[in-house]
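Next up: a single chain in structure tokens, the form predicted on its own.
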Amino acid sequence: MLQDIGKGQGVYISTYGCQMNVNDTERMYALLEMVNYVPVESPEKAGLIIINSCSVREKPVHKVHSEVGRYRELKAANPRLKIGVGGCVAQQEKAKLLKDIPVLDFVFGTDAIDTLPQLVAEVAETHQRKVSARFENEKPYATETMIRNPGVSTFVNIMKGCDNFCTFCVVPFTRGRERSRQMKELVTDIRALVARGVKEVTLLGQNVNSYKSDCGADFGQLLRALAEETDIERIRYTTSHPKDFNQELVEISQKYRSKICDYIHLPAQSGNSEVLKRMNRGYTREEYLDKVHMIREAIPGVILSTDIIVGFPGETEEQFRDTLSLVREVGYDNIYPFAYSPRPFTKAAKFTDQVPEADKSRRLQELIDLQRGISFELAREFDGRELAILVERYKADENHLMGRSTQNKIVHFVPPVSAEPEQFIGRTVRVKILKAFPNVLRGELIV
């Protein structure tokens, strides 16, 4: 019977990659718990092991092979153990994974998560290895947010896939075409999360600001609806695309600033217009900077972060210098820098003017060093400031509470001696910053 396929066995899911994958893993756990699997903290305790893979970074297939290899002894000791691979590598490689890794029992793609219990049941019943990796582009994207223990802050998936086809990115091939959830479903989901004690949601999508509900609502209208029609206290989102960041979205963010956080992740990828064109990003350096100025003019004090790729095929030293100057000019609070690596199916992988690895490594380190100095300088601006901190958890071994500001700054502070620390979890409190570092702020509670 499908309702009891787990029979109380343990399930262990190893997760790589972005917040979308983290959210997908949470969904897998929730679905498998419904059929009587029990989440466990180590593969040694599991009767079902799943690798939720990511293909964005370098050598993703090698990582899958390597991890599955560590489970061979477990499989030999327990022939009933089932091992599967999901996520983007599964979508990319499909049946080839089964052919290359004999110990694998099943492979499932990014559109097959909701059928995972049925897939596991079929593998157990038929003793046959299976692949489920078809995209369901014709069906409406209707799903339910499944989070077992959402806590104070949680992710909510609002869309899937991507239609941009940046020449370096494999996502359109591993996540499919863009499909958005209905706005009314999202409002209902977030109301339900609020009722369970959630104070903050992060809206997820490969390109959230290209969201389009069946009713015609765009991303700005979704933000307005969530701000007006739910009691959620804070709204974050990732990732946005510069070409779709318009004046209306900025004005809505400013109008509902009491709920929409003062933090925007705006991936630039490069500071040179010619490189951006070869990347198929849809904007120039000047247009990107115009968006930055538009955002900062409407939302003073907003914090910006970005993604940067160095060593993209054909990138010259002069073009790399343009990226460094962009980073200086914008003054990002944080960057996520990467050296370019070719991805299967992408156009850039076929470009003949690949940059030598030594040059990519050198440029990456120079970019990191530059940003480190900028981040330290910007962190000093928080010294002595009072911030509203949404408290997320208490670390008893270190006796400090941890929360985040609306600018996405992690803040640690010691609870009052006279109070139970756990009573602060889920509350927004005022904290004075005593010491500021790029990745964390330390402060004291203002009573």
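Quantities reported herein were computed from a predicted structural model and do not represent experimental measurements. Don't overthink the numbering: it's just position in the shown sequence, from 1.
What follows is about the form predicted together with S-adenosyl-L-homocysteine, which we do not show.
**Student:** Considering non-hydrogen atoms and a 4.5 Å limit, which listed residue (K160, K291, K199, R281) is close to S-adenosyl-L-homocysteine in the predicted complex?
**Tutor:** Result of the distance check: R281.
**Student:** Can you work out which of L226, L276, I83, C169 has a heavy atom no more than 4.5 Å from S-adenosyl-L-homocysteine in the predicted complex?
**Tutor:** Of L226, L276, I83, C169, the residue with a heavy atom within 4.5 Å of S-adenosyl-L-homocysteine in the predicted complex is C169.
**Student:** Please check if S180 has a heavy atom lying within 4.5 Å of any heavy atom of S-adenosyl-L-homocysteine in the predicted complex.
**Tutor:** No, S180 sits far enough from S-adenosyl-L-homocysteine in the predicted complex that none of its heavy atoms falls within 4.5 Å.
**Student:** Using 4.5 Å between non-hydrogen atoms, is R343 touching S-adenosyl-L-homocysteine in the predicted complex?
**Tutor:** Looking in the predicted complex, residue contacts with S-adenosyl-L-homocysteine include R343, since a heavy atom lies within 4.5 Å.
**Student:** With the cut-off set at 4.5 Å between non-hydrogen atoms, does P267 touch S-adenosyl-L-homocysteine in the predicted complex?
**Tutor:** It does: once S-adenosyl-L-homocysteine is placed as it appears in the predicted complex, P267 has a heavy atom within 4.5 Å of it.
**Student:** Would F338 count as a contact of S-adenosyl-L-homocysteine in the predicted complex, using a 4.5 angstroms cut-off between non-hydrogen atoms?
**Tutor:** F338: yes, in contact with S-adenosyl-L-homocysteine in the predicted complex.
**Student:** Mind telling me which stretch in 186 to 194, 302 to 310, 120 to 128, 146 to 154 gets its heavy atoms within 4.5 Å of S-adenosyl-L-homocysteine in the predicted complex?
**Tutor:** Selected range: 302 to 310.
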